[in-house]
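Shown below, as structure tokens, is a lone chain in the form predicted on its own; questions about how it binds or moves come after it.
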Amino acid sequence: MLELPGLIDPHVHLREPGGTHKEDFETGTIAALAGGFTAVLAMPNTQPPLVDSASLELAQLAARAKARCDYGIFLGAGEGNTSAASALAPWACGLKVYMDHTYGPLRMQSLPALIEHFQRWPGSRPIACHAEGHSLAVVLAMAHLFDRRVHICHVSTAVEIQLIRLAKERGTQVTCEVTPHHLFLSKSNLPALGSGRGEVRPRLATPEDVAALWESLEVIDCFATDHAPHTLAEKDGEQPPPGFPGLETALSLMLGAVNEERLGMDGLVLRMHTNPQRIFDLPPQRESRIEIDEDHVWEVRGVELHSRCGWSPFEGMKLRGRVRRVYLRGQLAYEDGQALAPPGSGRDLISTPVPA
């Protein structure tokens, strides 16, 4: 039995408020426990988006009632909330800036608003950015000009990882994450996935881009799932929304990379526990650990997963290694497919409730 510290996923979408037919804080955190995660950081592109105290409180109330693992909640950067965002910083795990098209209404198109967010946001936690291609260059320039910590989400291409490498070499305060689906899937998988089920942002890249990510592991600070559930009816519809579920397959995929000697176990722990905790300044989860049956081979079947969306882009793939038990603060929270931690037992790792 392999024992590891509780994993931390710095990028999940739990769809609450406003999208609980896809996922909510209860089903999403059960899926997290099943995947070996004892903490997740939830994104703000909900309905309504989390851009002020009222909307942030909606998410906090849901999490306090339902979450079965620990969590933090991001605040969204809008074009009209520069003052409100900086004031709410003590209650958020970071500020999320959407520079490119994704699911939901948040997208930063105003350069003056972007500059003001970088000027106002306190430096204790990073500004997390969805920034692809040219947008990445803009964000790295902002980080340099305003001496701010930025965390680049779901890097997917060779040119992006090279830009980040250069920025790091020049002292820019930048960290980055890569998703398992950008490490294990590419455009070549789209015919098998189907056009709707293959919709994700950033889009699946070329096999050459995938190879470049693997060759640049020393630049990659975190593995993050970007768990973004949508129902099969939505994914198979006329306008499929972008996003893949990923909490329950990430660890097994990365353990496969360890087994193939593409990644060391120390590197896995660094990117799935140590670095997320450091980058987002999270308190230690004392007496939290996971136990994994390294030799257990299982086939991914979406209907058997805990996520409410009920499907996976890795459907039918055989993976090695599965979580048997999860201990959260010394208490058995998950065992052999069953979540034992009660709803609401997860803690907000960042804050007390937003004041009225």
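Just so you know, these numbers come straight off a predicted model, no measurement behind them. From 1 onward, residues are counted along the sequence shown.
Another form exists, predicted in complex with a further copy of the same chain; not displayed. Remarks below refer to it.
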Exercise for review: Report yes if all three of Leu111, Ala137 and Met142 come within 4.5 Å of a further copy of the same chain in the predicted complex by some heavy atom, otherwise no.
Suggested key: yes
Exercise for review: Heavy atom within 4.5 Å of a further copy of the same chain in the predicted complex: which of Gly133, Pro242, Pro207, Gly237 fits that? Just give me the one.
Suggested key: Gly133
Review point. Just one of Ala85, Val219, Ala167, Ala257 has a heavy atom within 4.5 angstroms of a further copy of the same chain in the predicted complex, so which one?
Key: Ala167
**Study point:** Partner-facing stretch of 280-288, 227-235, 266-274, 167-175, counted where any non-hydrogen atom is within 4.5 angstroms of a further copy of the same chain in the predicted complex
**Key:** 167-175
Review point. Taking heavy atoms only, is Leu193 within 4.5 angstroms of a further copy of the same chain in the predicted complex?
Key: no
Practice item. Give a yes or no for Asn189: in the predicted complex, does one of its heavy atoms lie within 4.5 Å of a heavy atom belonging to a further copy of the same chain? Key: no
Practice item. May I ask you to state whether Asp147 is within 4.5 Å of a further copy of the same chain in the predicted complex, using heavy atom distances? Key: yes
Review point. Quick one: is Leu163 in contact with a further copy of the same chain in the predicted complex, heavy atoms, 4.5 Å cut-off?
Key: yes
Check your understanding: For the stretch 114-130, which residues lie within 4.5 Å of a further copy of the same chain in the predicted complex by non-hydrogen atom distance?
Key -> Ile115, Gln119
